[in-house]
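One chain comes next, on its own, written as structure tokens: the form predicted on its own.
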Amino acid sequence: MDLGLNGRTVVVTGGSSGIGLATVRAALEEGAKVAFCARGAERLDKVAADLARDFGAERVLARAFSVLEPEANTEFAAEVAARFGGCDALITNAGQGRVSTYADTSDADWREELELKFFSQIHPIRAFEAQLRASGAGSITAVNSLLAYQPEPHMVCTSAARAGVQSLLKSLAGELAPQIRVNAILVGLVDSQQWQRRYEAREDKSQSRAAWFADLARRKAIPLGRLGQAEEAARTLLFLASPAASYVTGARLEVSGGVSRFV
């Protein structure tokens, strides 16, 4: 299926690794021009060089900054407009989880987590809103977590923040329509550097990677029997972000292997 992204501009936050990088690469494969950002300059520069080699430097723009800095987002948006003529699809992916219970989450931890989860959405959306309105097919697609609807006792702070973000996105879907569509994916367990580190720290060093991850999927009761891949989340993101999903807004699509328990 043609997603209709050829020649369009896609912006991805948190785009130097994991789901973000898989999304950047998939968008380039669809013929899009892609601008992406991340905090770590060294890794970002290497990734950008590899992508420029594979897809052409004229289609790749990478900048290192924190999406929690409003001025940096504004400057990035201006650069995207100058380089590519505007933004058609914004994919917000920055953010990570905090492992903590209610009892061991300090006030400072709460503030830090809520700021990260909310303003990693708010600042980029504010910066690119005018360009998305002018696109004629503008879309915002957020990477959110299944925790928004299915909180875990060891991730109380992150679960609460994720739920708030999902409410924000639903509100924006109404407020920004009809010029901008707003959707989200709800990610379950996805194979990542975090899980790789946990595998490397396993107690039984004789256990293979395949066996360790299969055991993890069993313990987590994932019906499909495995963790997801970043590319699987990326394909879902691009569909929702693209003109192929032109009548979809305010939606949430699970990418979880069926692990959710809510209806």
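In this text, rigid core is short for the largest set of C-alphas that superpose within 1.5 Å between two forms. The first residue of the shown sequence is 1; numbering continues from there. The structure displayed is predicted, hence computed values, not measured ones.
Heads up, the form predicted together with a small molecule isn't pictured, but that's what we're talking about next.
J.: Going by heavy atoms within 4.5 Å, which of 26-34, 200-208, 54-62, 40-48 lines up against the small molecule in the predicted complex?
T.: Single hit among the candidates: 40-48.
J.: Though the small molecule is not shown, can you say which of L172, V156, A77, A94 has a heavy atom within 4.5 Å of it in the predicted complex?
T.: Only one listed residue qualifies here, and that residue is A94.
J.: Look at the candidate spot formed by L90, V182 and A241 and say whether the small molecule comes within 4.5 Å of a heavy atom in all three of them in the predicted complex.
T.: Checked in the predicted complex: no contact with the small molecule for any of the three.
J.: T9 versus the small molecule, in the predicted complex: is there a non-hydrogen atom within 4.5 Å?
T.: No, T9 stays farther than 4.5 Å from the small molecule in the predicted complex.
J.: Looking in the predicted complex, any heavy atom of S139 within 4.5 Å of the small molecule?
T.: The answer is no: S139 has no heavy atom within 4.5 Å of the small molecule.
J.: Does any heavy atom of W212 come within 4.5 Å of a heavy atom of the small molecule in the predicted complex?
T.: Output for W212 is no: heavy atoms all beyond 4.5 Å of the small molecule.
J.: Against the small molecule in the predicted complex, would H123 count as a contact residue? Criterion: heavy atoms within 4.5 Å.
T.: Answer no; every heavy atom of H123 is more than 4.5 Å from the small molecule in the predicted complex.
J.: Would the C-alpha of R53 be classed as shifted by 2 Å or more between the shown form and the other one after rigid-core alignment?
T.: No, shifts by less than 2 Å.
J.: Taking the rigid core as the reference frame, tell me whether K220 has a CA displacement of 2 angstroms or more between the shown form and the other one.
T.: No, its C-alpha moves less than 2 Å.
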